[in-house]
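In structure tokens, one chain follows: the form predicted alone.
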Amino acid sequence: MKERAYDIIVVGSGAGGGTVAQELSPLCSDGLRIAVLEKGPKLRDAEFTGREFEMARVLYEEGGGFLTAEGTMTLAFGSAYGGSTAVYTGTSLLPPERVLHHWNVPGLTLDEIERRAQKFMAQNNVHLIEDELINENNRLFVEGCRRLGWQVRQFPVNVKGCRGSSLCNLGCPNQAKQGTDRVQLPQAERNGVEVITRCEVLRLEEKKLFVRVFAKPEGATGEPSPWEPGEYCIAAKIVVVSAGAVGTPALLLRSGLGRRLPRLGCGFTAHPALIVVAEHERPITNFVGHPKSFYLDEFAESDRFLLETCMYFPFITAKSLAGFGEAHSSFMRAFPRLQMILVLACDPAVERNRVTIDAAGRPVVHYYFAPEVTRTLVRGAVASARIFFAAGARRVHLPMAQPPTVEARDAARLDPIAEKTPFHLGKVTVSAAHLQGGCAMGRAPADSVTDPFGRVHGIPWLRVADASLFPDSVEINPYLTIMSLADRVAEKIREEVRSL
């Protein structure tokens, strides 16, 4: 086993790890050695091809097919240089004040989150997308919402030089999306931080990490790891775990910390989501321009759902449509005429939803769909149908309805669907990409895993800086909130680094 020694190790390179790496990188000029360990590969610019199966396999954990233990929900999260910031759409929102009030983390306020977020919004060029990049898929959403009297909002997004490829979820082929892979990590490396890709952290011991570096497979995409393949023991004075809401709790559990941290893995939330599609009479621009430009949060507090514009690739679309045969294929043949909306449920943290590990130490996510969550998804889907019809759609595919196709002339069916339709898990495709919780911030081990600054209770050398810190659902895209909390964690490390 090879040995290495560093002052600070960051595990993971996404919104949390990339931010921590950048914010700590000036310490390299003082002689501190800092490294980021990333399980996934680093792709060259030309390797972002936009091909659905190829990019999903390379950029996502388990090719984007990671399932909950019950098999009822797919969890999509990145496993590459830049983590999930390489594969999301760049939407950059701040949490509602009610969320921070509900979290009740000592000393954490929305004002502080906003102040810290402003720095990253400037670095990552967060702005409202230009009009010429707003396609009909998005404009029809706005039109439908306004006809219903609903207040639609535009997403700020972190892009620079966007060419409207609409391939954000497969890694931008034009290098326009300004995730940590384009901004924070390169800056950290310029300042002296090492980034070790294809490097999986197996477990932690007292100020030590045991890792395995993988060789680049023959013919595989991405650069080889800068380290030789093999197993390593890395000594570190401070370890910051930013492996995400699935990876971070699993790593701490593999490291035997479950007994001393009874809340480890608890409180997992995910914004369960489903896709609703509608067909228009004519082709619409849906696969050019930015895919996610507008959202509706009017019902987030009352009915607990958000609606977002979206446009997914043929395989994902086909998987999301209920049924088989002609009814299914007719919608797929109408792909150039399809409008899409993503329904997200603001699911609360409940005791049964948690991250565990199996006998081999691999992460296992248990997720129980509480009745209020499935009702939320139905209400959100029906609200989407109302938007579609208000925008002129000829028919809507509601995956939970029987039959799933609702013609415009039968729009009155929407009321009984909203009130009485059962939600059959396993028959409706549900996925989630906003994975949160599992290492919640709080006051003590009885109610949390870390303190308000990400320090793991009772283990002063170990920190957490990612979405697993969230005590409950953030109700919006978590990207900016993660970066703000990671900035907070890094600031506290800088204050304490004199004692290294």
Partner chain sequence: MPATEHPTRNPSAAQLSPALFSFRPLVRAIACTIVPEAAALDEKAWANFETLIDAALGDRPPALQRRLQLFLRAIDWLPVVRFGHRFASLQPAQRARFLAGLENHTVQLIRSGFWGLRTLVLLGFYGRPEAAAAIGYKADPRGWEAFR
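Residue numbers count along the first chain shown, from 1. If you're wondering where the values come from, they're calculated on a predicted model, not measured in any experiment.
Keep in mind that the form predicted in complex with its partner chain is missing from the display, and what follows is about it.
Trainee: Counting non-hydrogen atoms within 4.5 angstroms of its partner chain in the predicted complex, say which of 149, 256, 71, 416 makes the cut.
Mentor: The residue from 149, 256, 71, 416 that makes the contact is 71.
Trainee: Which pick from 167, 93, 266, 306 sits with a heavy atom within 4.5 Å of its partner chain in the predicted complex?
Mentor: Filtering the options by heavy-atom distance leaves 167.
Trainee: Establish, in the predicted complex, whether 294, 299 and 348 all lie within 4.5 Å of its partner chain, using non-hydrogen atoms for the distance.
Mentor: No: none of 294, 299 and 348 comes within 4.5 Å of its partner chain in the predicted complex.
Trainee: How about residue 425 - does it come within 4.5 Å of its partner chain in the predicted complex, if we only consider non-hydrogen atoms?
Mentor: Yes, residue 425 lies within 4.5 Å of its partner chain in the predicted complex.
Trainee: Tell me, yes or no, whether residue 41 is in contact with its partner chain in the predicted complex, where a contact means a heavy atom of each within 4.5 Å.
Mentor: The answer is yes: residue 41 has a heavy atom within 4.5 Å of its partner chain.
Trainee: Though only this chain appears here, would residue 119 touch its partner chain in the predicted complex if you measure heavy atom gaps against 4.5 Å?
Mentor: Residue 119: no, not in contact with its partner chain in the predicted complex.
Trainee: For residue 326, is any heavy atom within 4.5 Å of its partner chain in the predicted complex, or not?
Mentor: Flag for residue 326 set to yes.
Trainee: Of 281 to 289, 377 to 385, 256 to 264, 101 to 109, which is the one stretch near its partner chain in the predicted complex, taking non-hydrogen atoms within 4.5 angstroms as near?
Mentor: This holds for exactly one stretch, 281 to 289.
Trainee: Going by its partner chain in the predicted complex, which residues of 211 to 247 come within 4.5 Å of it through any heavy atom?
Mentor: Heavy-atom contacts within 4.5 Å come from 212, 213, 214, 215, 217, 218, 219, 220, 229, 230.
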